[in-house]
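What follows is one chain in structure tokens, specifically the form predicted alone.
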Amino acid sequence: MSKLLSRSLKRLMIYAGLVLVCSIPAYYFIFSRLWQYELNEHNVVITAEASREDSYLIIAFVTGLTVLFFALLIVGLILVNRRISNRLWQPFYRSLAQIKGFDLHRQQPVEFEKTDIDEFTELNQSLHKLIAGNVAVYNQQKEFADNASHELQTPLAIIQSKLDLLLQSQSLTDEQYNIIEEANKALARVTRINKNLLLLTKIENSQFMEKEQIDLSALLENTLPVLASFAEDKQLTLQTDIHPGVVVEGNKILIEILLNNLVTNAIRYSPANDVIAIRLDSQSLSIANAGTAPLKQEQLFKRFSSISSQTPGTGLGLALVKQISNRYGWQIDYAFSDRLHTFTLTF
């Protein structure tokens, strides 16, 4: 039943109830006067007590009939209201279901059913224009990111090769060498951003649709030695508790990226000479590392956001983690407790 019609019906019932209650004294007054008039008109003399009893009887009978008719009226209004509501709002609920089922990433076509109600027809037309406009803007943004990432690969590679040639020059001074090294670091960061943007675009364009059964335990065991060298630079210890035989379904490339980004993030934000605890069971993967202050949770999984002023990254690593988790219906959470950053991926 429509909430709007239900609210109107409730108000009508309250109003009718008040009218009914207020009408009882009016019944008594009117029928008393009519009863007395009839007695005087026909010169009928009865005792005051008998007259009062007859008046009460008539008033009770009329009041009972009024209550009965009132109840029948309310029941009829409820049934009619429900029937009208179901028929009147059915196009609205169908349109609402279409909007709820619309996914901007999949962009399945939305076809609103035709209706003979002008207001809903106008609403559907406006919604169709709004969705079409948003889809067009979204596609333009994705196309721009994809094209920009592809076009940047060649000049970035050329710049990298030129800087490498400069580094091999025998005539470089220490100052020039340091400048080239700084440029190399900045270029490496731009290259990582470009690759991550291209990867995000491919994920959003559903270019990693194939799935397979993946032994996550084995994949994690094989991934950690590759990242151990980064941990050794800060003299970090990777403490693992990996249950064997944990299997998930997904794209192996994406899951490898997810694992790499989570572990690399823990390494980046861990103080030197500390421990990173990695635990995997059939329900979740958790990675915990020491820290002095919580990360900015409102910026945590947003693109190009700085979650810590101490060690800024590309701002795309955790955005990729979130995007991949969403693709497979997994939940990624962050908590800071007892001076520990903990990321938990629930399958």
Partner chain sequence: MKILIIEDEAALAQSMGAYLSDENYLCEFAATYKEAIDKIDVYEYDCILLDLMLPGGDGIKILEEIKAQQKQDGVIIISAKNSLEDKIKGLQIGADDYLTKPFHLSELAARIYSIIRRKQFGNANIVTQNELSINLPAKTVTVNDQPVTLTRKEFDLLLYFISNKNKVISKSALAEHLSGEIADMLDSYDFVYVHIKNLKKKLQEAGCSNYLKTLYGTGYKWEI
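Note that the structure is predicted; figures quoted are calculated from it, not measured. Numbering follows the first chain given and starts at 1.
This protein has a second form, the form predicted in complex with its partner chain, left out of what is shown; the following refers to that one.
Visitor: So, in the predicted complex, is residue 268 in contact with its partner chain at a 4.5 angstroms heavy atom limit?
Guide: Because a heavy atom of residue 268 falls inside 4.5 Å of its partner chain in the predicted complex, the answer is yes.
Visitor: Does residue 174 make contact with its partner chain in the predicted complex, using a 4.5 Å heavy atom cut-off?
Guide: Output for residue 174 is yes: heavy atoms within 4.5 Å of its partner chain.
Visitor: Any of the heavy atoms of residue 191 lying within 4.5 Å of its partner chain in the predicted complex?
Guide: Although its partner chain is absent here, residue 191 would touch it in the predicted complex, with heavy atoms inside 4.5 Å.
Visitor: Does its partner chain come within 4.5 Å of any heavy atom of residue 247 in the predicted complex?
Guide: Although its partner chain is absent here, residue 247 would stay clear of it in the predicted complex, with no heavy atoms inside 4.5 Å.
Visitor: Please pick out the stretch from 133 to 141, 70 to 78, 226 to 234, 94 to 102 that is in contact with its partner chain in the predicted complex, where contact means heavy atoms within 4.5 Å.
Guide: Going by heavy atoms within 4.5 Å, the stretch is 226 to 234.
Visitor: Between 111, 212, 181, 122, only one gets a heavy atom within 4.5 angstroms of its partner chain in the predicted complex; which residue is that?
Guide: Contact residue from the list: 181.
Visitor: I need to confirm a contact call. Of 264, 115, 217, 85, which residue comes within 4.5 Å of its partner chain in the predicted complex, counting heavy atoms only?
Guide: Selected option: 264.
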